[in-house]
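Just one chain is shown here, as structure tokens, and it is the form predicted on its own.
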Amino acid sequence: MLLTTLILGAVLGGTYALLALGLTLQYGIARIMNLAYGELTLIAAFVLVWAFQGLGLSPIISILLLAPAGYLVGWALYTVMMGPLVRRAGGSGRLEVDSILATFGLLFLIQGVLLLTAGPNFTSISYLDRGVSVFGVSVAANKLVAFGICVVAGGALVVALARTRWGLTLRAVALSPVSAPLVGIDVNRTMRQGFALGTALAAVAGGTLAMYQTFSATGGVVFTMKALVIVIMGGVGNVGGALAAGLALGLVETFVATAIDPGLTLAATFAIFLIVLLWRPQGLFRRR
């Protein structure tokens, strides 16, 4: 049972980690707390289902297309909606509050459109749902493929942030947006890139979730809250912490679902959130 929990928890945690990475980038670089993040994830999930059922397109191909599409959507959303908020806030610290209010409205707008177009029923696809033995544990092949996609996407991001000039620019703005212009960095452009990249990660995470989970048009709030829990656990803006916290949350949820009661997984998630918020608000993976 322990091995089963570890393997299934790692698979689920990989998706959670990728989901949280996008929100980490959006808040850490652009200083935007995006409450519509889960709804953007759901859009990608529904697009993948439509492409699979209506066009017969492989989910893997769909995810490869969803990543640049998500980036363009994030770029456009920042230009039209978030950019004016950034300019109005200046350096006053109003941006966090304004972005919460604005994306809260965007959440219900997207949710309404999804309910109108997709309906309130749960949706899923049947793709590679045969079992594969991993160390003697039977795991659905679609979960393993989704986990592999998350590992590749998350690993590529970590390497890009650590080893490229582009990643150095993103980290500089995240660390000190006031000082970044002194070395020739276009802060507004970098913030736009960070927000767009976060939306692209949300799209990829939504695609991987659609490969093996059921979901509905009203489930975006749950994804947003789980991503937020992981961001808080890992430390706001901490990419490595988000990866570790995502894996940890996947393990905890899997343990609760298999050993106690599946209906208590969400309660366990928020219990962890409250404990971390009260005991170590800077995150488990940040130094004091």
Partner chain sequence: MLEIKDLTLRYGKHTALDGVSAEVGKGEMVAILGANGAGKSSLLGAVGGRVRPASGSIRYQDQDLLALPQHLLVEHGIALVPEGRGIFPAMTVEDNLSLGALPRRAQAGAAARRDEVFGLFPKLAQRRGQIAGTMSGGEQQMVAIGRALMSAPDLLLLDEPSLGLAPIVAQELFAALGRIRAGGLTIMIVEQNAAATLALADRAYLLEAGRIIGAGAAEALRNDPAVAAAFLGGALTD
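Numbering follows the first chain given and starts at 1. Every value quoted in this text rests on a predicted model; they were computed, and no experiment measured them.
The form predicted in complex with its partner chain is left out here; the points below concern that form.
- Contact annotation for residue 172: at least one heavy atom lies within 4.5 Å of its partner chain in the predicted bound form.
- The closest heavy atom approach of residue 129 to its partner chain in the predicted bound form falls outside 4.5 Å.
- When its partner chain is considered in the predicted bound form, residue 186 lines it closely, a heavy atom lying within 4.5 Å.
- Its partner chain in the predicted bound form is not approached by residue 79, whose heavy atoms all lie more than 4.5 angstroms from it.
- The contact with its partner chain in the predicted bound form, taken as any heavy atom within 4.5 Å, belongs to 181 out of 181, 90, 155, 120.
- Though its partner chain is absent from this view, in the predicted bound form it lies within 4.5 Å of a heavy atom of just one residue from 218, 138, 124, 176, which is 176.
- This chain is displayed without its partner chain, yet in the predicted bound form the stretch 163 to 171 from 163 to 171, 71 to 79, 101 to 109, 144 to 152 comes within 4.5 Å of it by heavy atoms.
- In this stretch, 244 to 282, not one residue has a heavy atom within 4.5 Å of its partner chain in the predicted bound form; the partner itself is omitted from this view.
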